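Below sits a lone chain in structure tokens, taken as the form predicted alone.
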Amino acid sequence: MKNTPIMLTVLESLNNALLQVMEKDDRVYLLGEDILDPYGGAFKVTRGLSTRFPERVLSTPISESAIVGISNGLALAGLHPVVEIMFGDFVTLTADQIINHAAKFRWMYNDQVRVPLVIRTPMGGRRGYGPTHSQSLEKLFLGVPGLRVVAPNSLPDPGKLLETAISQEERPILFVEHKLLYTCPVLEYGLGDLQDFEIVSSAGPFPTHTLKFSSAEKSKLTIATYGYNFELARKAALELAYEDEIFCEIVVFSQLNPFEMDPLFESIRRTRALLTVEEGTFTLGWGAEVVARAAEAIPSIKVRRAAALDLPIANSKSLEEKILPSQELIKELALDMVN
């Protein structure tokens, strides 16, 4: 009987990464609300770690500002704290500690200190959690000098991104994990949804991935995205290829800030058309900045954006689906751009 390969989920990859770094480096501490076993965190990314490392997994009071403030001090003292903010919506409560402290300490203290702090948090909707537990607020932290914003996706290996984030010595990192991404399998190159694509990844610790159809003579559209939205963009691109013979390239960012634009520019020079896909609200979002930079670098290209409507996210499933960008919206915008 043939063995069925075991599919690793993104959640398992992240959990394994935390286990690996804590085994290798006793400077790594985890802090957050309800992260101790048997609960193991609201989304179970920290499950099993307090049992394995009881002195370095610390359950905290409900004060996100205090958690990050304490972790700033731990990082300044030479430790590598990893904070879990239970829901990404609450990252607003940490803004002062991140923007005015962690991100600026290196400059304020004449380059004599570093803040190797990682703040992990689940973002995003599609689970019916309503206006204050379903947002994608990472755009509020883009453009902050000294802060890196990273968003894992289902391409190999999301856990490696987290290991790299924790191990680096230079700057604080906001590590954005979409809730629906947790149960997604980590995709393997050449298999399943990826078997039709050639994939080129940029160098560096947080690579940008460019996916091109192996059989396409010419691609007509570049789709730029990150995180869970790669799942929607990939499925839309496959449907466009199979049903309409329209071939797209997908550029998947792992690092949202600072921007790494060269892989995207290379793709747009081939396609002359750019569609950005994000789950943050439409106005003044990540996609708006990407489009602006692309239009400045490569004049006379077609551009469109898919994003959430400028509304609070509803509890109702039908209303939530109307507010958030969908696979159908991506196809609709793509067809409008290339026809």
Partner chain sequence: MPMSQDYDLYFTMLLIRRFEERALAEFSSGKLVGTTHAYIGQEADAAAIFSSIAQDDIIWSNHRCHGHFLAYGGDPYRLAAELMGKKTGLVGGRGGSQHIHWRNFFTNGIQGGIVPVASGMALAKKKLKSKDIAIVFIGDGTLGEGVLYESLNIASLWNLPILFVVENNRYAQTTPMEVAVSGSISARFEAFGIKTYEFESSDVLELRPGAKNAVDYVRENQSPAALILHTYRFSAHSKGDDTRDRETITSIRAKFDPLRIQASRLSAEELKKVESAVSILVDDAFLRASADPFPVLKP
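Everything numeric in this text was worked out from a predicted model, so none of it was measured. Numbering follows the first chain given and starts at 1.
One more form of this protein should be noted, the form predicted together with its partner chain, which is absent from this view; the next part is about it.
Residue in contact with its partner chain in the model of the complex (any heavy atom within 4.5 Å), chosen from 201, 92, 72, 164: 72. Interface residue among 301, 42, 58, 291 relative to its partner chain in the model of the complex, by the heavy atom within 4.5 Å criterion: 58. Looking at residue 282, you'd find every heavy atom of it more than 4.5 angstroms from its partner chain in the model of the complex. In the model of the complex, residue 108 approaches its partner chain with a heavy atom inside 4.5 Å. Not displayed here, its partner chain is approached by residue 101 to within 4.5 Å at the level of heavy atoms in the model of the complex. Proximity of residue 97 to its partner chain in the model of the complex: non-hydrogen atoms within 4.5 Å are present. Contact check at 4.5 Å (heavy atoms) against its partner chain in the model of the complex: none of 197, 215 and 268 pass. Looking at 61 to 69, 291 to 299, 307 to 315, 273 to 281, the stretch with residues near its partner chain in the model of the complex, meaning non-hydrogen atoms within 4.5 angstroms, turns out to be 61 to 69.
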